[in-house]
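A single chain, nothing else alongside it, follows as structure tokens in the form predicted on its own.
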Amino acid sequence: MAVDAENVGNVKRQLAKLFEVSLPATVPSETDIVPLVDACIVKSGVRFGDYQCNNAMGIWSKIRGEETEFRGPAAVGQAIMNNLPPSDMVESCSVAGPGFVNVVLSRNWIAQSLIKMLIDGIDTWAPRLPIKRAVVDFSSPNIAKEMHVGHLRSTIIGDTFARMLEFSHVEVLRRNHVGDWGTQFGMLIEFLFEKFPNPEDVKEAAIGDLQTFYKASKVRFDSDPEFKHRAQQAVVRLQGGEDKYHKAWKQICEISRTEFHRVYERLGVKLEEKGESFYNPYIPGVLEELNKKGMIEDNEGARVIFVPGIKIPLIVVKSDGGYNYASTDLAALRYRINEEKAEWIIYLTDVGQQQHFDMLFKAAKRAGWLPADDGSYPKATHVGFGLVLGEDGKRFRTRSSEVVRLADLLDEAKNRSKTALLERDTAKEWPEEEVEKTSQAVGYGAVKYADLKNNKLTNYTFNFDQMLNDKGNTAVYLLYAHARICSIIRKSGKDIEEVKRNAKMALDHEDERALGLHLVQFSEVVEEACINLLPNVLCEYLYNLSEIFTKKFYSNCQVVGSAEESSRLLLCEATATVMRKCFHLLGIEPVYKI
């Protein structure tokens, strides 16, 4: 059977195509049966196949009691298996328990799939999602405040979401919804005017540490009523569009933006800023539309929207007539759906904002912007994440109880990584540039992976010693495993491109086959991680791949100097290729020697 080009890398979808022929042939009376195909799991130390079709019990529950040739789900499963069309994919099938159809993939087919991927490129294994454009709203620090450890998870997880979607042929609008509009700007602008009466003197070097500048202005705001009054007036003048205040606002934003950019550059994260201020002009029109739809009510001097299932209202105009987060977020959501034509809008914030987004999405459904059915498009999803904790189980802070600056945290990760690297005899002879580059890749990768391997909803404890350990489920272990594979290929002395063109791959040893099977499951794992927004699923796959390579294949299958050298070099190259794509999706820079 020919397989759709769009399913070329996804084993589950390719098998489902076979069962799409078998199922209607088995029960012609039941139309629109969706094949339920999953990878087999080990039960009591036994795995009956590589994949399993689980439709038999569901079909039996539908036809039971009718005139039928079947006498139970096992008989249905047997018929499903018998009606499978011939395929090069399948080595053997069996039926177990109440009709589970177990499929063992052909060794030759697995090998050919890997060779084809190596020749055509791993991008041919990219998932195909039912959308073309998405917005990922992540990171979003506040202007004039330094990025700290609290921004770490949003930035790292959001970047991985964007990378997985981009790999899956989705155009991603990477939005940095920075807090660049609000009451704090009156305070900052007025303080700026005091410190620098001449606007030409306002430079990043003159202001110095922006966080210190913010704190000093806040102290002034809290302690000096006259300054506070001027600051409040400055907000009105800024929002009224007065040139002097708008210029000061732009200067503060630009200095802050430069600081953010340095951190993003170090993390390898790309973002397009569309802050709160961008949506401000759209708010009146959006509120007018919602008002015409009868959604906005007066409530204790404020203007609010009530949403189903929640007693407290969504405040869209404060009692003093000002706008707030809800006003801005409604305008942003409508803009993203109507102007940017996004089919999936993903918001990444801490779990504490869950209710806000729940109310926002329900209001959007009331307005008819989003469909009532969560499975339809366009759709909006809030992804919450837990806290980063210190060893004491509380929010991760410095000894002086300050939040940890993200730049300082990255510096320490890199420095610790460099110290560990220089303890290795081989690295002592490396040029300084290579030491720096490798230390950075390992240090930053360790920080990212330690976050991404956890379930995003749970809190996790930040521990440098654990994340920089070269044993266990860490980026260091994974990066070293990749470097080891590259070393094996180098030691062979063979041109891997020539081996790809001329050699054949055989998976005769059981550990060769186990590695090959895990490799061809890459596409469906990425699809699951992408659709369910679970980076930890991809991390688990990558760790298991490294374990299978290191503890099974590499331990039991000699590569260099063996009769199977060329075939096994191809398996090494396929493993390294998949690992590098996993690293890329997780925002981790691979290392090639260690």
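Treat the numbers as computed from the prediction; the structure is a model and nothing was measured. In case it trips you up, residue 1 is the first one in the sequence shown, and so on.
The same protein also exists as the form predicted in complex with arginine; that form is not shown, yet it is the one meant from here on.
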* From the candidate stretches 247 to 255, 137 to 145, 429 to 437, 471 to 479, select the single one in contact with arginine in the predicted complex, where contact means a heavy atom within 4.5 Å. => 137 to 145
* Should the three residues H151, D329 and Y347 be counted as contacting arginine in the predicted complex, with contact defined as a heavy atom within 4.5 Å for each? -> yes
* To do: Although arginine is absent from this view, report whether H177 comes within 4.5 Å of it in the predicted complex, heavy atoms only.
  => yes
* If you check in the predicted complex, is F196 within 4.5 Å of arginine, heavy atoms only? -> no
* Asked: Is Q353 close enough to touch arginine in the predicted complex, meaning at least one heavy atom pair within 4.5 Å?
  -> yes
* Does at least one non-hydrogen atom of Y325 fall within 4.5 angstroms of arginine in the predicted complex? -> yes
* Structure fact -> Picking from F357, F213, F227, F278, the single residue whose non-hydrogen atoms come within 4.5 angstroms of arginine in the predicted complex is F357
